[in-house]
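Shown next as structure tokens: one chain only, the form predicted alone.
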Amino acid sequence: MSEKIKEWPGVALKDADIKEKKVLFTEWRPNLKYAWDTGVGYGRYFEGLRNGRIVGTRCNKCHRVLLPARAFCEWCFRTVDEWVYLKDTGTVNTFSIAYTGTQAERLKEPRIPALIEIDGSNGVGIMHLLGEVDPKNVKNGMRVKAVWKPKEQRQGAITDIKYWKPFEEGTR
């Protein structure tokens, strides 16, 4: 490799060449700003979360509830028919007990990520954390309810739900 470099024409630049402005050098520091448009469906879904509600849409052709809300049904390729406000309760479909955090750090207390089927959503789930439960007591089929951040702390994100806790039917 070093033999081929010697064959290349030209002269290597030195740091002094740039400092003494013997060559043209431009430093570009762009000020990059951007905006993200959530669209109609996701926008209403995130606004619902800010207000402590889970919002989906319904396709009356295939009878599915889409969550997060979307403007069209990807199965039927048609515009959805209506907005649906779902309960903030659901069922644990699967879960994991994790002693490693998101930065691969060791955790003293485990996190319990779970796939939660939201009531009224025709099997659609949200991946979120479980809380207020001993990891030994978590099981598939367990009923859970969302624990929301206080209204003044919500930002219109899935993290507006702090976690999901176990609950029994008939209690709130």
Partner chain sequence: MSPLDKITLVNQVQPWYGEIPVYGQYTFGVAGERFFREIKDNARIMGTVCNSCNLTYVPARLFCERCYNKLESWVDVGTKGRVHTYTVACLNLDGSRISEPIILAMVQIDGTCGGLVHQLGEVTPDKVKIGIPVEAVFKAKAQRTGSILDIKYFRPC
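Numbering follows the first chain given and starts at 1. Just so it is clear, the model here is predicted, and its values are computed rather than measured. For clarity, a rigid core is taken as the largest C-alpha set superposing within 1.5 Å between two forms.
Note that the form predicted in complex with its partner chain isn't included here; everything after this is about it.
At a distance threshold of 4.5 angstroms between non-hydrogen atoms, Asp37 is in contact with its partner chain in the model of the complex. For Lys61, no non-hydrogen atom is located within 4.5 Å of its partner chain in the model of the complex, even though that partner is not displayed. Residue contact check for Gly43: one or more of its heavy atoms lie within 4.5 Å of its partner chain in the model of the complex. Put simply, Asp81 is close to its partner chain in the model of the complex: some heavy atom of it is within 4.5 Å.
Using a 4.5 Å cut-off on any heavy atom, the residues of 148 to 167 that reach its partner chain in the model of the complex are, in sequence order, Gln155, Gly156, Ala157, Thr159. Annotation: Cα of Ala16 displaced by at least 2 Å between this form and the one not shown, core superposition. Core-aligned CA deviation for Asn51 between this form and the one not shown: less than 2 Å. Core-superposed comparison between this form and the one not shown: CA of Gly39 displaced by 2 Å or more.
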